Ligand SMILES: Nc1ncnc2c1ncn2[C@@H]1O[C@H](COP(=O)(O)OP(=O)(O)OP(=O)(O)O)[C@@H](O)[C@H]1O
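To begin, one chain is listed below as structure tokens, in the form predicted alone.
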Amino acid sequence: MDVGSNKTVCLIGREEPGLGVRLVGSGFGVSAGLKGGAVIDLEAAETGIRTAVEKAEKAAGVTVQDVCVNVALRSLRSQHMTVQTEFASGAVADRDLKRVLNSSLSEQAQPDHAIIHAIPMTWQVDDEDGIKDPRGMYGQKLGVQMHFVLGGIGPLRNLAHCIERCHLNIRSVTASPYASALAVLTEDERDLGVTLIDLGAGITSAAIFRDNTLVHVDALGVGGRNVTTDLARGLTTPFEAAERIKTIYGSCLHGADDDFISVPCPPIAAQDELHHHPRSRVTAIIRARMEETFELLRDRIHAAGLENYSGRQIVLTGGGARLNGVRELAEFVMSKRVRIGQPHGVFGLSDVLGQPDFAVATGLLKQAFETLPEAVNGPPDLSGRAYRQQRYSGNAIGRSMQWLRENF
């Protein structure tokens, strides 16, 4: 279930042995209670979720109890950490891996941020690093380089509460750009280095992959709604009319005849008359906002030191990826090759569901049948117990109890 700022999408699928995942039902609802990916109206958001789930249940002929959901918040951020510990046995065992992973989770736990993803990137045994699976190897020190994706605990609690009000259980939570990547990226792209940009209605988020591993996540609090708002203000027209103008006349690139094409703009007040603007004005407003968005992402990726590490390929998804000329504008600003990513890997996707704005929902459906290499399974801890574990981890009694649990 993709709970976005513009719409809620629910997809139901089943796994067919030897073939993959097949879509059996889909449903859509209007997300009137979300802004910037965060819930601002519980009742309105609940209505959108219930509508989408009920339509999907009716189409599939099943009842949904557990859902895999996405999260797209401006507080999404990445943090890397390297943890190393000594182990007594000569060969690395599962319990040694678990101890190192638990140690990293305890050190990373924070009171105001929840861990959404905890991904072991590489392992180290003594002085050897870059190891994918250290089990069975001999040494005295074991270390791991972790990538944590964090999100604000307040918005996550509100989202969880809204879903629980719909009598649904959260099976897992996935960052939106990560889910989109599972739907549209190829294995070669993830291995060689690629940046996925999800152009959502309320949030623009990015995920960077290298060596088949998610290495960075970032998010901006701007999206397609900001483009619509700019049009409504610049053209002095209602928001709904601006959305329609963006869909019909919108483009990121100027055309040779834009000055001669007249765009009708409905008035805001009933007594005002219909007025017109040249299409060039519409294009200028859209291009300014989209160019600023790509520049902000480019600068943040550069500040994180990942400009060269992220490869030479960019993939665009989300509703904003359907704008005319957005690929060419992204190539101009980011100075990289850009393609539009469409979801694949699920049987039964219609032409509508195969569009870029359904990449998150498709990725969540695929993820439900896959086992991702993460240290955290299930929904994130929103209770604060992980933070208390960190606070008392240095206690001698706590260390003794942990040793007993691991060895007996």
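Throughout, we count residues from 1 along the sequence that is shown. Just so we're clear, the structure is a prediction, and the values are computed from it rather than from any experiment.
In what follows, reference is made to the form predicted together with the ligand, a form of this protein that is not presented.
**Asked** Which one, 180-188, 92-100, 133-141, 312-320, holds residues whose non-hydrogen atoms are within 4.5 Å of the ligand in the predicted complex?
**Response** Correct option: 312-320.
**Message:** Within 4.5 Å, heavy atoms only, which of A330, V282, L297, A201 is in contact with the ligand in the predicted complex?
**Reply:** Exactly one residue meets the criterion: A201.
**Prompt:** Should G224 be counted as a contact of the ligand in the predicted complex, where contact means heavy atoms within 4.5 Å?
**Reply:** Yes - in the predicted complex, heavy atoms of G224 and the ligand come within 4.5 Å of each other.
**Message:** Is K246 near the ligand? Define near as a heavy atom within 4.5 Å, in the predicted complex.
**Reply:** Yes, K246 is a contact residue.
**Message:** Suppose contact means any heavy atom within 4.5 Å; which members of 1-31 contact the ligand in the predicted complex?
**Reply:** Contacts from 1-31: D2, G4, S5, N6, K7.
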